[in-house]
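Heads up, the chain below is alone and in the form predicted on its own; it's given as structure tokens.
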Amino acid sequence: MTHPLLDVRNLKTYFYLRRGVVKAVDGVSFRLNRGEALGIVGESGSGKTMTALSILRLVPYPGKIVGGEIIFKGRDLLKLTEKEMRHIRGKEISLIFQDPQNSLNPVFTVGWQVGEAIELHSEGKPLWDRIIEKVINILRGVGIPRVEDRVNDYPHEFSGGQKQRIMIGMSISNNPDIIIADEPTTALDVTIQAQIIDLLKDLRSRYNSSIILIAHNMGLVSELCDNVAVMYAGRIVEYGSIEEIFNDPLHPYTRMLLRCIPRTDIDVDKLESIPGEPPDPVNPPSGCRFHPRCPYAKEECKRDPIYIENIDGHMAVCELYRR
């Protein structure tokens, strides 16, 4: 039996605020195989980014991982020391932040910043000339033009798309096993978005890296991912292959997300939207947290536990599929 590269089991990350406890990630489980691309989608506040930060144990204060397991290459990351985690971050699991403008340091050259990531995870003390040579090759590989002339430029001298390419170059500088891309195209126009997705596809095939793509845009997820996890209010409500999610969505929330996507094959006067608002994270509704907004809600949806139906790996947490 082949073991997954990453196995997240019942992960719980809570934030302890004065007004109450925010269950940002509340019992999330999924698996990621080597070379696989997994999309995590959902509205803002659904827990996508916090799931990614929990994997790397970078949850900001006053958040805390309170339960679950994160099994990576057979080891539970939650049981490692901080020193052991520093070896994994950026080397074996890397993160592409959604805003390169704020992620790159404005007072250091891009060559120095990418080179620092290489130096920190190198054995011994490699010569800086060798590091810069590797940096040039990396930045050339992610599509930075005239890279030999620009390696000593500062972040403000690059466009938004180029900055994101630099961030991607930094994330792959140590050939990680997993690349977590947290909405890497949010601040970019449509043309650059397509280029970034094509770049991630190329890197995946070139290095056989696994990718976790966090996104609002279901269309982008369909271009890159093999499987999709749909999150709502801190929980995964549906999980399946890209074909299952797009061709046969089970959960009402997934169906409504898909109806929000513009389509070229259908003429519509107005795009559909999901009525209502996401629940209060401190006082979420009982049972299925989507039931106040769901057109199919029944009285049973207000009670725990919610029945989980699993059909050939396609899972939906919904009372509609109780047998």
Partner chain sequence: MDKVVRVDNLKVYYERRKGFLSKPQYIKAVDGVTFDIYRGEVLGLVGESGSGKTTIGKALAGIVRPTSGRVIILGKDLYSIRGQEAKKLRTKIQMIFQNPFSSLDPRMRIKDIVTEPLKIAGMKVADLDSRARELIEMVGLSREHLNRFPHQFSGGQRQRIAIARALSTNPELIIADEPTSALDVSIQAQILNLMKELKDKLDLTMLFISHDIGVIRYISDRVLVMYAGKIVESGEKTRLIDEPLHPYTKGLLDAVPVPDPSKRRVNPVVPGEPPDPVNPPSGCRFHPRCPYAKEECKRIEPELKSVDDDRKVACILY
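Numbering follows the first chain given and starts at 1. Given the structure is predicted, the values throughout are model-derived calculations rather than measurements.
Just so it is clear, the following notes concern the form predicted in complex with its partner chain, a form of the same protein that is not shown.
Enquirer: Want to guess which of 59-67, 294-302, 28-36, 268-276 is within 4.5 Å of its partner chain in the predicted bound form, heavy atoms only?
Expert: Single hit among the candidates: 268-276.
Enquirer: Does the 4.5 Å heavy atom contact test between residue 198 and its partner chain in the predicted bound form come out positive?
Expert: Although its partner chain is absent here, residue 198 would touch it in the predicted bound form, with heavy atoms inside 4.5 Å.
Enquirer: I'd like to check something about residue 223: if you look in the predicted bound form, is any of its heavy atoms closer than or equal to 4.5 Å to a heavy atom of its partner chain?
Expert: Looking in the predicted bound form, residue contacts with its partner chain include residue 223, since a heavy atom lies within 4.5 Å.
Enquirer: Please determine whether residue 282 contacts its partner chain in the predicted bound form, using a 4.5 Å cut-off between heavy atoms.
Expert: Outside the cut-off, so no.
Enquirer: Decide whether residue 126 counts as a contact residue for its partner chain in the predicted bound form under a heavy atom distance cut-off of 4.5 Å.
Expert: Residue 126: no, not in contact with its partner chain in the predicted bound form.
Enquirer: Since exactly one of 189, 133, 157, 202 fits, which has a heavy atom within 4.5 Å of its partner chain in the predicted bound form?
Expert: Contact check passes for 189.
Enquirer: Between 162, 94, 173, 210, only one gets a heavy atom within 4.5 angstroms of its partner chain in the predicted bound form; which residue is that?
Expert: None of the other options qualify; the answer is 162.
Enquirer: Would you check whether its partner chain, in the predicted bound form, lies within 4.5 angstroms of a non-hydrogen atom from each of 111, 118 and 147?
Expert: No: none of 111, 118 and 147 comes within 4.5 Å of its partner chain in the predicted bound form.
Enquirer: If you look in the predicted bound form, which residues in 38-75 sit within 4.5 Å of its partner chain (heavy atoms)?
Expert: Heavy-atom contacts within 4.5 Å come from 43, 44.
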